[in-house]
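Below you'll find only one chain, the form predicted alone, shown as structure tokens.
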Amino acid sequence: MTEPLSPPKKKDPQRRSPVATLPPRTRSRAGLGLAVAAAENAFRLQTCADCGAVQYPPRDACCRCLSTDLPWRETDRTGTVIAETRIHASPDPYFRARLPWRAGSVRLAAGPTAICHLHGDVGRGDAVRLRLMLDKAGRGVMVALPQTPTPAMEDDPMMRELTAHPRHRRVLVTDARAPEAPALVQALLDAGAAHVWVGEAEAWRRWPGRAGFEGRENVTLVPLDVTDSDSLATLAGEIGGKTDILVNTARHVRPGGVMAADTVQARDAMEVNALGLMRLGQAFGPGMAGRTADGVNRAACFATVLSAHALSPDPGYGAFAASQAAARSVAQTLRAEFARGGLRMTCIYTGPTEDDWHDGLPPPKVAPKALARGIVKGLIDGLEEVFVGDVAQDLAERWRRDPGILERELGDMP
């Protein structure tokens, strides 16, 4: 059984931080499909459209009939470990620093046999549950996990490498006034976070929810305004070297299409939603990306909450959707830049939330507690793309099938 993870000792500031190393990044174009599935916790493998053979590893042609029609489809996640080994020596710098490392051969119920990373609680002959997960280089790898959860299984060293579990980590939540902020702070503490900083813009302006954060153990309100670069630089100078996970909850939401929109409000939306994310990346990104090999509580994830309409706009919230699309583009660029150091960039997409600015919309809406649970689960699972709520999941599925049709469907809504 996995040993529960102990709180890390206080770091000696005079000792150098380990230099981040990455597992091998080279993949074929077909192989990158595993990362796309892993990013959103799907288990999709190539399945031949002509003969039905399931392919692993990914190929450009079917191993049975040589067809090149190999769509990615959801596949049975179960399998059996038929061989295992413990690697004690490796020429690769990443694995050399993390030895011993367990790997093995797993016969998938779907047919192929795959070489997988093995969780510490499984061994030869065990029935396992398979997952595609993202490694530190942002590439998809196959992991064999126990079929039923085991005590402290998330504390296995391999799982700690592949996820951004909040346990023993220090988290910055950027906007205390966000509807989901109280529930999110509680969910992070329940997941084992060591400390949560909560950003507060314009601290002089009193607001009813402030009392819920004041005086709480392991929770600190800090001055943070995503529209003020000086504010971010000052805070990053104080806690940037300690922040292991950053969750950006700052959002500026206003209803209205583009033609009738107040351009001042549209500019404010861009300042908070898109440029605010960019400023956060500039202020906290370098410090976090430089600490991705820093022991148990290494920097692990930079996350931001986005509207699902960043994929395709809702004309009723046109200016807001435009700012969300811009923010998504910023997040994708940050993901590429963070990948060089092994820092994960996670986007949490949500449908309409239960707040004053979505009051006129019909249900279903995402409750603050549901959004908080979705954010924390995404961190625990090590995902890059998280879709919270029925609306976000439905929009994502329709967008994947045909973005053009979705645009017209949304344009026809009353």
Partner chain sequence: MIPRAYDGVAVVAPVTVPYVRYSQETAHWWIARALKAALDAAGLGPRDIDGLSVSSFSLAPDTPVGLTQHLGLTLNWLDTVPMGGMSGVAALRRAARAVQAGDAEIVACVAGDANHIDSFRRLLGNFSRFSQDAVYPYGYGGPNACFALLMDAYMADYGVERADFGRIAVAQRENALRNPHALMKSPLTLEQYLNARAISDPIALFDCVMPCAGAEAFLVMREDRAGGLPAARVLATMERHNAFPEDPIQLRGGWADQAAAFWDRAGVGPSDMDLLQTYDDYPVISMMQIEDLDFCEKGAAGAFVRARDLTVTGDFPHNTSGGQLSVGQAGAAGGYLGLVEALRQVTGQAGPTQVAGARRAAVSGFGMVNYDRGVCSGAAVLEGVA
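Residue numbers count along the first chain shown, from 1. Predicted, not measured: the structure shown is a model, and the values here were computed from it.
Another form, the form predicted together with its partner chain, is not on view; read the next lines as being about it.
You can rule out all but one of 315-323, 96-104, 168-176, 192-200: in the model of the complex, only 96-104 has residues with a heavy atom within 4.5 Å of its partner chain.
With respect to its partner chain in the model of the complex, the three residues Pro57, Arg86 and Pro91 uniformly fall within 4.5 angstroms at the level of their nearest heavy atom. Its partner chain in the model of the complex comes within 4.5 Å of a heavy atom belonging to His117.
In the model of the complex, its partner chain sits within 4.5 Å of a heavy atom of Arg124. Within 4.5 Å of some heavy atom of its partner chain in the model of the complex lies at least one heavy atom of Arg27.
In the model of the complex, Val141 approaches its partner chain with a heavy atom inside 4.5 Å. Among the residues Gly360, Pro364, Gly31, Gly52, the one placing a heavy atom within 4.5 Å of its partner chain in the model of the complex is Gly31. Distance criterion of 4.5 Å from any heavy atom to its partner chain in the model of the complex singles out Ile82 from the list Ile82, Ala233, Ala211, Ala336.
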